[in-house]
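As structure tokens, one chain now follows by itself in the form predicted alone.
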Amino acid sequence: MNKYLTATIKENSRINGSNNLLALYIKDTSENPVPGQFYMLEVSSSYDPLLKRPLSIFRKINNELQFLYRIKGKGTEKLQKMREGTNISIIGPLGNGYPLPSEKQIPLLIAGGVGVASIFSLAEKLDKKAYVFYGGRNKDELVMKDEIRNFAKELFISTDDGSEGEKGTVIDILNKFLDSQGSMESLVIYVCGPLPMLRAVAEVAVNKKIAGYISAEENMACGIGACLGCVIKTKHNYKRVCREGPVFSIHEIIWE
């Protein structure tokens, strides 16, 4: 299937803080993304910046692809200035998505900041409600909270400055929840967010022997496995985040 597509910007609006929602109209709907997959998006009509930017799929409704992104550099600054009606080139869907939980497993969905886009798309596909743990530095980093409450069995929020939810990290509220559980055997973790959070959640999962999956983030140039710019070390040698990932077993990555 053709993964090189032309899309038209239908909406590009600020949600809160530096978080934005981008909606693209595409004619080619032959391939539907699964939760955890991503697209490479052109962020400028010039060669500055040259490289496309990877964004996790947030939602697809008919011919509309939606993405959540945070302005954190030159590329996303350029993207935020692109107006409705502009045509851009995209590549996707790319990578591998999240394996779904078994009938007996209880999903714990863990998101940090704009990493909620990937987790949100998974939650919408589950046939059972999940416990959701959502953290950020402050309340302006948290988006789509009301929508999350609609599909969550329970939503736990934390912020570093205490401006919303419990003051502390998402690891703090996760550990508090786990301490209240009798057995870890039926739990399965899904996590997406900043690198320090991923590492910390992986450490919890290893120590408590909890199954799970992690959505890794790395800088990448091509998104199709050719440039090797996004390799990470795993227990099974180096793997490409764009090709073998971005979703890996939470016990597979070797953190350095």
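It should be emphasised that the depicted structure is a prediction, and the values quoted were computed from it without experimental measurement. Throughout, we count residues from 1 along the sequence that is shown.
Below, we turn to the form predicted together with a small molecule, even though it does not appear here.
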Specify the contacting stretch among 23-31, 201-209, 50-58, 183-191, defined as having any heavy atom within 4.5 Å of the small molecule in the predicted complex. 50-58
Find out whether any non-hydrogen atom of Gly75 is located within 4.5 angstroms of the small molecule in the predicted complex, and reply yes or no. yes
Answer yes if any heavy atom of Leu68 is within 4.5 Å of a heavy atom of the small molecule in the predicted complex; otherwise answer no. yes
Any of the heavy atoms of Ala117 lying within 4.5 Å of the small molecule in the predicted complex? yes
Since only the chain is shown here, I'm wondering whether Glu218 would be in contact with the small molecule in the predicted complex (any heavy atom pair within 4.5 Å). yes
